[in-house]
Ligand code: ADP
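Shown here is one chain on its own, the form predicted alone, set out as structure tokens.
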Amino acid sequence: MSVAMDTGGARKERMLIGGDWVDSVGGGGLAVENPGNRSVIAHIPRGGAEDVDRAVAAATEAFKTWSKTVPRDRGRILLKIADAVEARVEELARIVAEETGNAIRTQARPEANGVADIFRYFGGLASELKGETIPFGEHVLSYTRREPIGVVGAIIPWNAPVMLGALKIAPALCAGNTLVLKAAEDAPLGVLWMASICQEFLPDGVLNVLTGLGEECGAALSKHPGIRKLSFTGSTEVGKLIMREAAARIVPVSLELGGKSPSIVYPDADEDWVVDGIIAAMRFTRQSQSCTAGSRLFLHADIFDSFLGKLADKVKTLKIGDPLDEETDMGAVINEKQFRKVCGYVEEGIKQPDAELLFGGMPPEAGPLSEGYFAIPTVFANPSNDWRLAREEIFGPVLCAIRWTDEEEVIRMANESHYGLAAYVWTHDIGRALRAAHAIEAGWVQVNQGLGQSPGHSYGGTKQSGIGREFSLEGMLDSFTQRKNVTVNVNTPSGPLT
């Protein structure tokens, strides 16, 4: 296991390289903070280029055998990992709540359960790594094979670390690749715990997990010549850097990036269940630290004031506080940098003369909530769709409510973004809903529901929200395998082969 005790009481973690738990070559470390109370809870290695070299070498060696392991056997291992995670899911949930600030009841426990679901789903898909035959005639056998790509380099963010880590590990390994995963420095503990479970069942070197800073460890991983595939989840800005490094070596890349997702509410949907759906779509109980957060709320003018009144009443009942408290609905923002960023957007909004602060605002400067990075759910009414808060991804609980009257105009505003990840449509008229869903430029559109991510559905973005798909069979095949064609002339010049 990777966990020991530090002299200060905080855990001391190590990285997983080639089946061993190790410190960084340089010996440096980083502190992991509990955002709910700003205390240091662990120390992790500050991995760098030499550690990346070691991990890629281990993954390269392991690939020789793992890639030739019968797919069904790889799937059985993933199923064992799923069972092991499920048996200890409460342990994982507490780790995630403590390091991310996400409330254990509303976020961390569902995420931990989702890890088991993801490993179980992809474990069951191992026999689906199939090719096709091409009918070129009786004298020719032509077929395709789905083959693993090689060593995959993966980088994940801090907002849902174990779920996103599982979405890299499970499909990549199912397809026969080996993996070097760089965990987010702000939330690596759950990922390292998950890696320790995986290592109980996997051969050495198949999975390697590094910790460190993005500009050091992550950059070295993205540039490494031994990496045959890059898979990244995070900000659009960093995604562009990853794509440049991949382009320099013609390495395939999958990117799941940012979003500024629209929610369109039609006049027939001024109802409590829609209000609940908007709260879910906005991801308020994850402090809106989600790239799918429906942070642009387009409300029809006929219901604008009525709907916002109901929304205010319900959001104000959310209990903000200790992420490990079962009564808490909404926890803390991940770190001081992000907290200050969110506060900066709120402060700018308050000063904006054309917008109305409906509720929320700046966080308290005294009392229990001042002891952590607790942001307050905030809604601004009547801003312009061109306003900075309505265009930029805040990654915090700040919602912009925009009035509309014409359907064609609201679709135009919804699409007036360089993002295109998710969208939400709310109406009793299914024909109208589908018309809007087909017109919106997004990779994932939900009708009359705010939640819904689950293994099996195709998830990913358009425009600057990313390239490629995750969560699904086709996502695994497209992202983690390459198709090879083999064509055989079954006739020799002297006659059929015998």
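Residue numbers run from 1 along the displayed sequence. No experiment lies behind these values; they were computed from the predicted model shown.
Omitted here: the form predicted together with adenosine-5'-diphosphate. The next part is about that form.
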**Complete:** In this chain shown alone, the residue from 241, 343, 280, 369 with a heavy atom within 4.5 Å of adenosine-5'-diphosphate in the predicted bound form is 241
**Asked** Among the candidate residues 357, 213, 79, 324, which is the single one with a non-hydrogen atom no more than 4.5 Å from adenosine-5'-diphosphate in the predicted bound form?
**Response** 213
**Message:** For the three residues 113, 121 and 165, which mark the spot I'm curious about, does each lie within 4.5 Å of adenosine-5'-diphosphate in the predicted bound form through at least one heavy atom?
**Reply:** no
**Message:** Is it the case that residue 404, even though its partner is missing from this view, gets within 4.5 Å of adenosine-5'-diphosphate in the predicted bound form, heavy atoms only?
**Reply:** no
**Asked** Is residue 259 one of the residues lying within 4.5 Å of adenosine-5'-diphosphate in the predicted bound form, judged by heavy atom distances?
**Response** no
**Asked** Looking in the predicted bound form, any heavy atom of residue 179 within 4.5 Å of adenosine-5'-diphosphate?
**Response** no
**4.5 angstroms heavy atom contact with adenosine-5'-diphosphate in the predicted bound form for residue 232** = yes
**Message:** Please pick out the stretch from 370-378, 271-279, 232-240, 131-139 that is in contact with adenosine-5'-diphosphate in the predicted bound form, where contact means heavy atoms within 4.5 Å.
**Reply:** 232-240
**in the predicted bound form, residues of 178-193 near adenosine-5'-diphosphate [heavy atom within 4.5 Å]** = 182, 183, 184, 185
